[in-house]
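Here are two versions of the same chain, shown separately as structure tokens and labelled structure 1 and structure 2.
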Structure 1
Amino acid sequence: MKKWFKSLGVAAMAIAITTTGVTAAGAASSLSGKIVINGSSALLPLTLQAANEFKKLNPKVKISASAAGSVTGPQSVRKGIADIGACDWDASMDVPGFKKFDGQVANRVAVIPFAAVVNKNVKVDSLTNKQLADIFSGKITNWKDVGGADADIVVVNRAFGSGTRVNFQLKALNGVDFMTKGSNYKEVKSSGDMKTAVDTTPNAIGYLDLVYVSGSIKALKINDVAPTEANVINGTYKVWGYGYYMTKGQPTGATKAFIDYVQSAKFQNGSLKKLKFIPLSAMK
């Protein structure tokens, strides 16, 4: 896993899973086919792990995965170049900024907590929704105005089409529009790029899903509530969303088997939790 995370900073990454294996019963699976997955970089670690495990059980199935942002998932499914579109919102419905993708089915696969993150030199530990909205819209430009040092804030944003951006804007900023330019504004294409930018830019603030929060970057509390699994489940931390695998109609064949595996209790309560996602069953 550590080797995978080192490569997550690329904007779009195609990965062919070629490991071989057998079923738990010892007999090779007869399931065959090819599954192409595109879309959310937030869901990429989950997709890679699930693909690796699924391939060991079904060595005749080939899986390739890429991550260029949530909107590219359902777009790729619509164009017929992907079987699964990984997306951080239900793309079968209208959401602010995006029309629904007719004919697509949204298959929930995970609960994704998102967090505001800052560079290690930032001395602020908690911000309110209003303070976050004012920072990301450009109204507050110095850390001293929110209890930090006298230093210009560097805002790092995801490019339009990011599902993490959609969720963060709706749930952390209460729908307030982002700033889009300025000398202290940066825009990145993927979750990995966001992590790198915040980690290497003094006084920077950005946002990520929890699976990417590691090393020296710091996740902020929002309204004094930490972005933890427990706080998402108990309802006190509000900045989270469902992750979806979009398909053209109901999934069939190897695609259905793969989605079923990701939704299975074994994966949900095992690898998915280890990656800092939250099982679907926890929110029922």
Structure 2
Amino acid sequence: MKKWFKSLGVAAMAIAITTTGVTAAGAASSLSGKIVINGSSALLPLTLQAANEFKKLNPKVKISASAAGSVTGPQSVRKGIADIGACDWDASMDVPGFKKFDGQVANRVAVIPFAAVVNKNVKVDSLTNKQLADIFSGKITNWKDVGGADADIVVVNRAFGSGTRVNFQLKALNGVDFMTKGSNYKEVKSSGDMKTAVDTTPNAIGYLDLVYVSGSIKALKINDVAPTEANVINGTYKVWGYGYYMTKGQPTGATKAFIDYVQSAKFQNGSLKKLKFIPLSAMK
């Protein structure tokens, strides 16, 4: 009886798919398999949304997604725990603090913009890359040195290993090392904590994924360019990074179909945009 219902369901779905005219999906719906995804928490909303949509098209594919932190993505892939490792940086290359993962392929799935943010009491609106690097490395310690009021700068940083931290360091600070000590320096655990810390600490500076910037904290212009999606797309705002799905070798089977789906124009211009990521095609 159960079997009969199942085959009826499949038949109904096949009819629905062919009648709605999605010919490619008709072939893909015979796809089966299991995809395990682990890694970056910044990419998790995107992954979950894509998994939901993909499962509707391919009911035989099981997808489980979780997130612990960027570097766990490629690590899980290396250990064979996960098929896809979501990571905020290209883990097939060396980045500050992390060695490359040999034999892994980085598949770009989204563009993530980042912004330097300050507490609302800070009078400065724009900083150069050099000034940012000097502030985060501890060379400049007073806001008056960069055109603000006479007040100590409080630096809020993400913990070592955060994907946002890697990207911000590479793109906004020209790879300069962060300071690690001092009475006006603290580290926070997540983007949410960063937002609260900068929001409640006068004279604080930090950085966030652009999608997190809202409310009373202020996103700084970098080199007089405002951090907006338009400026990222037209190439004037440089502080952004790709989000990657790391796979062991070239992806195959269900994993390949899933990555293809995430990279497809339909998903990129639809759900991905709604989640405030920037489509890959916009950067070409």
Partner chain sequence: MIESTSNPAIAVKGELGRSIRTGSGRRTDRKNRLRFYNRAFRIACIASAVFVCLILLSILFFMFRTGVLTFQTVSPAKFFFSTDWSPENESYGAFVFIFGTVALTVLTLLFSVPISVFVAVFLAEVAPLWLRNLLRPILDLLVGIPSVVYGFLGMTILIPLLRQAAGTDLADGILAASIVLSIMVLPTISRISDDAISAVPKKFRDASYALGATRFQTTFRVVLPSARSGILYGVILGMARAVGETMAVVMVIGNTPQLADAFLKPTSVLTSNIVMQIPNVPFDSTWNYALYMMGFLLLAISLLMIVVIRVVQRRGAKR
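A quick note: this is a predicted structure, and the numbers were derived from the prediction, not measured. Start at 1 and count along the sequence of structure 1; that gives the residue numbers used here.
In this comparison the chain labelled structure 1 is the form predicted on its own, and the other chain is not. Of the two rigid parts that shift between structures 1 and 2, one contains Ala151 and the other Phe267.
The chain behaves as two rigid parts between structures 1 and 2; the smaller one is rotated by 19° relative to the larger (C-alpha superposition).
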